[in-house]
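In structure tokens, the next block holds one chain alone, the form predicted on its own.
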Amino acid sequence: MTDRIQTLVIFGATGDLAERLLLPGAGQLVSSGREYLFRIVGVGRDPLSDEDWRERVKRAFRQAGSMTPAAQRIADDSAYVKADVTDPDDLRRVLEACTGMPALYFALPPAVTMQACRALEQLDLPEGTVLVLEKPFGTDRQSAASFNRQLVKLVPEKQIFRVDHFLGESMVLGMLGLRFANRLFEQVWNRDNIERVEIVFDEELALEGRAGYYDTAGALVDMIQSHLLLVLAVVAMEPPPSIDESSVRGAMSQVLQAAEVHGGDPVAFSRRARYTAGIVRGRELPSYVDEPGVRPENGTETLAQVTVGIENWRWAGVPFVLRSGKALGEPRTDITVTFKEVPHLPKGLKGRERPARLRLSLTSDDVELDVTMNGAGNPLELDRVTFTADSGRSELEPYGQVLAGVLSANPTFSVRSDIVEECWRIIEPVREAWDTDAVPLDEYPAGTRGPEGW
């Protein structure tokens, strides 16, 4: 597909996702000077005039940056349609408000999205229509496969954008250049030279009012099943022949097909825990089970760790540790590659403190590389020196990147159907082990690094 989208339809336009991320992302994209000309049509069940909607759009655009003339034109031309997205007649009115090729962005709960897709089956969609969906994509492998079959009844797979904003992070995208444009890294990017890889997203934020979703998902599904496994796929994939949707997504799929819980043992290679009352940066937090909307009997974890192995020639035997948690006292969001020690040191050289590491931040543009060098005092005393660099932040935030792909109908960094199903397959043994309490649910006070012994 080469044609550009001419109408961005936001289902759930008055919701939190649209207000906090989608509209500011669209504003940032337009204000960046790129030639994106499109109309925004907001759709929701709340009564709202076109003028009120346009004010919302302008407010979000101003939040994202300056209100350029192009952004002003798009805001002034935007429209709002009050509609029930599960009603075919209402959806027909929405499509009549579109010009050219539309992108239908489902900023809705998954169950409502599925009902809307069934209703769309009764309509003739405009040629080139793109469907844009937010995670979670199903609740397990079977439901994800069912959802995928439903979607391709409406449009071809190339016109389905499953959004994972981690694939819009500048450092994840920057991994492609770091690996494939530098012999220094690509030549050592394998089991012979790398001891382990850690992909960690530990945050200070707690539940923050998300019990309705989080208490049925937990850290494993919310972060590892989606975001972190996709980052793993980018880190570990083979060099694609080109940066296009077929090559990149094919390479990611290949890695995930080879991935499984390390050693096939989810009891030994997974951990789970949840926070108890504590203090994070001076803020008092209740125990997770006392948060509003939480059902303690769900046994939901707020910290999850799974070690994954990739059974292929490049990575066999290398553990990939995926970890994510909430209400932690030392936030850490990075990819850390730990290299193996050299096989031999000449006698007389001493002083190595720890293995060399390459660290790439997931939330900033920091890159750090450890190198062993002779110390400043005794020339035979080795020291660890860390080289640091700023890779250069993308001018677009993740949702700006997401919308850039949607509006140019380029699905390279969206999630393909087979990738979704592989991610569910990988964590299925872990969920089964946790459901039977084969892995204990540990606890940690909010504001600490996690449970004792981890």
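Just so it is clear, the model here is predicted, and its values are computed rather than measured. All residue numbers are counted from 1 along the displayed sequence.
Missing here is the form predicted together with 6-O-phosphono-beta-D-glucopyranose (BG6); even so, the following discussion is about that form.
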> in the predicted bound form, which of 148-156, 121-129, 308-316, 196-204 comes within 4.5 Å of 6-O-phosphono-beta-D-glucopyranose (BG6) (heavy atoms)?
Replying inline: 196-204
> At the 4.5 Å heavy atom threshold, is Met223 in contact with 6-O-phosphono-beta-D-glucopyranose (BG6) in the predicted bound form?
Replying inline: yes
>> With the partner left out here, check for me: in the predicted bound form, does some heavy atom of Phe180 sit within 4.5 Å of 6-O-phosphono-beta-D-glucopyranose (BG6)?
In response: no
>> Under a 4.5 Å heavy atom criterion, is Arg73 part of the interface with 6-O-phosphono-beta-D-glucopyranose (BG6) in the predicted bound form?
In response: no
>> Can you work out whether His165 and 6-O-phosphono-beta-D-glucopyranose (BG6) are in contact in the predicted bound form, taking contact to mean some heavy atom pair no more than 4.5 Å apart?
In response: yes
> For this chain shown on its own, do Arg271, Phe320 and Arg332 all sit within 4.5 Å of 6-O-phosphono-beta-D-glucopyranose (BG6) in the predicted bound form, going by heavy atoms?
Replying inline: no
>> Counting any non-hydrogen atom inside 4.5 Å, which residue from Arg359, His262, Lys135, Arg249 sits next to 6-O-phosphono-beta-D-glucopyranose (BG6) in the predicted bound form?
In response: Lys135
>> So 6-O-phosphono-beta-D-glucopyranose (BG6) isn't shown here. In the predicted bound form, which residue out of Arg210, Arg141, Arg93, Lys340 has a non-hydrogen atom within 4.5 Å of it?
In response: Arg210
